[in-house]
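Here we start with a single chain on its own, the form predicted alone, put down as structure tokens.
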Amino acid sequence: MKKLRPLPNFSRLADWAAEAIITIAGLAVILTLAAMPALMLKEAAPLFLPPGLKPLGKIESPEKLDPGQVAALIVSADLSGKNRAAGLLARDGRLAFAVPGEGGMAFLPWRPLTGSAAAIRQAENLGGGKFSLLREDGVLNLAQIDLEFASDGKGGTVVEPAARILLEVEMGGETAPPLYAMLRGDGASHQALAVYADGTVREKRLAPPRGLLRRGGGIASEREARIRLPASLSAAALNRSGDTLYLGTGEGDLIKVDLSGDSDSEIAWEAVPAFPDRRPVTALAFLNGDYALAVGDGLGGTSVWFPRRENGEFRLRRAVAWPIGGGAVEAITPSLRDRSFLSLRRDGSLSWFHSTTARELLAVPARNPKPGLLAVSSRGDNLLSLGSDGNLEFQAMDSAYPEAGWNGFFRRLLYEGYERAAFVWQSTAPESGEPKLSLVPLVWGSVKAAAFAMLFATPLALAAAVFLSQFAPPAWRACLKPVVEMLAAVPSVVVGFLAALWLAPLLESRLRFFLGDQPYDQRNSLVIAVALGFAVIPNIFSLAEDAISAVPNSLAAAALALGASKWQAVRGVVLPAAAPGIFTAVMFGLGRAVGETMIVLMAAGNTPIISLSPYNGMRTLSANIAVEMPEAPVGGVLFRTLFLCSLLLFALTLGINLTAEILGHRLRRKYGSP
């Protein structure tokens, strides 16, 4: 007889499958919750990484040139950052280019640029490949020097250098050529400025040729002024718009020359003693944005100055300074991308500063061979230096995010044009603007919105919970509790819409009579208190009512039996026994208020300010993420800052929940709750 197999145990199989599914789902939820802050931390962490310089290699120049024989360096890199090219402009007017070749960097033959026997005294990089060149004979040239990258058709890259003189202006004085001369302008018109040793400032404005025959043009107007110099000139800098000139003297003075206005207006100037110890000003340079001035002195100190409003007038004042040392500052090389700049001292030490955050990003000690000239690429990611041995060295500049860091996010900073240091959030700025990324106003806005909402919602929610659980008839409780809880299902966008378009104008019309001339924003903290409080009330009410109803009736009955009134029994017995649940309900509502987005986005005014007034608006962390997200390029400083905002919001809500759990546990232990 054939023996039958036993049927499989389907019940055990089902148990095993259910256990596996539940385990996998639970682990997936836990891992997802852990991955969220991990992802936010991963994206925000680079904001706090230190900058660095990475050597990329050296290039032997075609001649062992002394840095004193070189007027300027040119550096360029393609978008990938893998291909770089360099240029040398010698003082005798010749150009040489180092471009990528099969065996590394190869120098192309020297080529003439100026076509003059007069040596180049001064060269200034104007950006965009343009250079202002002052020759020994007093002639000022505007040169265009480009290093363009192109494909060679074989998967490689070739560099096509081009150089030409665009403009030539005679700026020689009657007895001596100028000490400093600069060219500014575009294709329509140009401005030539010369400064002479006796304090004479001469400006020439040139008009372009007109018509098909290109006739006319030349000098359109000319003016000059004589400045009474406190001491001999030692440095000069002109902004890109050509309306402000700064001069430094050998006895520590800064002279501001106002060149704004037309050719008929006078050239105004004022002198400011920069250093009480009269140490000389050795280097000047305008930072990106043409407002702040970087100043190097004879003791190796570096500072940043800009005009600040005092008693209704703008005065040139020092904004930030760094320690002295290393010998006189020989050169200041600003970045064309942000407010950072390099300061080169006489002993060869190099410092990398950021003006806005007052940070020294990097300090490079003196080394041999000592760098003599510096050039930074237009994107601020490549540094080219000419050493005392006559060779060129490429370095990759990893500035990380100089606008960020602890200083940029959480310290009070003095921004350009501001009267005093402040916490400011202004991520969108005009071209060459100064980003302001303080998170303090956003954290303040989140706390303020939640605090006003809780002041409004907590008394109402708790009063309703006590009434329905202890005083209302059972039929009322069965009817009203579901109605209040259903309010939590109202979309927050609807609440925000009503608050912004109906409640805000209504409150303004009712309060305007009592406020008088007091400043009042229509979308303010009072509107947020009502609107956000309305969204929070159902959560607090539901949990608090459940906690109060869970108190055994025997406790209240015992109090009533001892002669207590109904309210005395509730106040002295029921509420203390329900305190852990009530506290948890309030903290849950607080966490909901802190994380709310749509209501504060629509009804708070989105003004990132720090104010205690209930008549002002605010911007919260959550609303800021929603507002700024479309403007944040992937990988940029704003992109990562928004991840930091989300991380702060996560930490804030996590802290609230942990506090609720810890204090709730202590209350349960104190009052004997399970």
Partner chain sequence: MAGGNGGFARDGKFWITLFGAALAFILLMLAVPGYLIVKNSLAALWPAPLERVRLRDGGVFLGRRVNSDLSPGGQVRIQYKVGNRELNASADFRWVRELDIAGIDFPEQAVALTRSENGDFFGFWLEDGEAGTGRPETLALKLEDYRRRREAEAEPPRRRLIELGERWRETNLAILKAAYPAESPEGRRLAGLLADEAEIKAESERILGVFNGIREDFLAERETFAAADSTRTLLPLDFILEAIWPNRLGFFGRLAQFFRNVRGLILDYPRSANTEGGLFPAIFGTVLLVFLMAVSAFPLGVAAGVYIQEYAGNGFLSRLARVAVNNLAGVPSIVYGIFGLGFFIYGVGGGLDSLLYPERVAAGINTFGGGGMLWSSLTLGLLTLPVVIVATAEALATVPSEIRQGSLALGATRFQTLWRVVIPLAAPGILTGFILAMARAAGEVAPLMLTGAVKSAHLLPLDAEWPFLHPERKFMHLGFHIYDMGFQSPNVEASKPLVYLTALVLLILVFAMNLAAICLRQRLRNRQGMKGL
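Positions refer to the first chain, counted from 1. Here the rigid core means the biggest group of C-alpha atoms that line up within 1.5 Å when the two forms are laid on top of each other. Note that the coordinates shown come from a computational prediction; the quantities given were computed from them, not determined experimentally.
From this point on, the text means the form predicted together with its partner chain, which you will not see here.
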Could you confirm whether residue 61 comes within 4.5 Å of its partner chain in the predicted complex, counting heavy atoms only?
no
In the predicted complex, does residue 463 come within 4.5 Å of its partner chain, counting heavy atoms only?
yes
At the 4.5 Å heavy atom threshold, is residue 427 in contact with its partner chain in the predicted complex?
no
Do residue 57 and its partner chain come within 4.5 Å of each other in the predicted complex, heavy atoms counted?
no
Each of 36, 487 and 653 within 4.5 Å of its partner chain in the predicted complex, by any heavy atom, yes or no?
yes
Thinking of its partner chain in the predicted complex, which stretch from 415-423, 357-365, 578-586, 489-497 has heavy atoms inside 4.5 Å of it?
489-497
Among the candidate residues 322, 410, 314, 471, which is the single one with a non-hydrogen atom no more than 4.5 Å from its partner chain in the predicted complex?
471
Counting non-hydrogen atoms within 4.5 angstroms of its partner chain in the predicted complex, say which of 47, 53, 70, 40 makes the cut.
40
Any residue of 341-362 with a heavy atom within 4.5 Å of its partner chain in the predicted complex counts; write them all down in order.
none
Rigid core fitted, then: does residue 33 show a CA shift of 2 angstroms or greater between the shown form and the other one?
yes
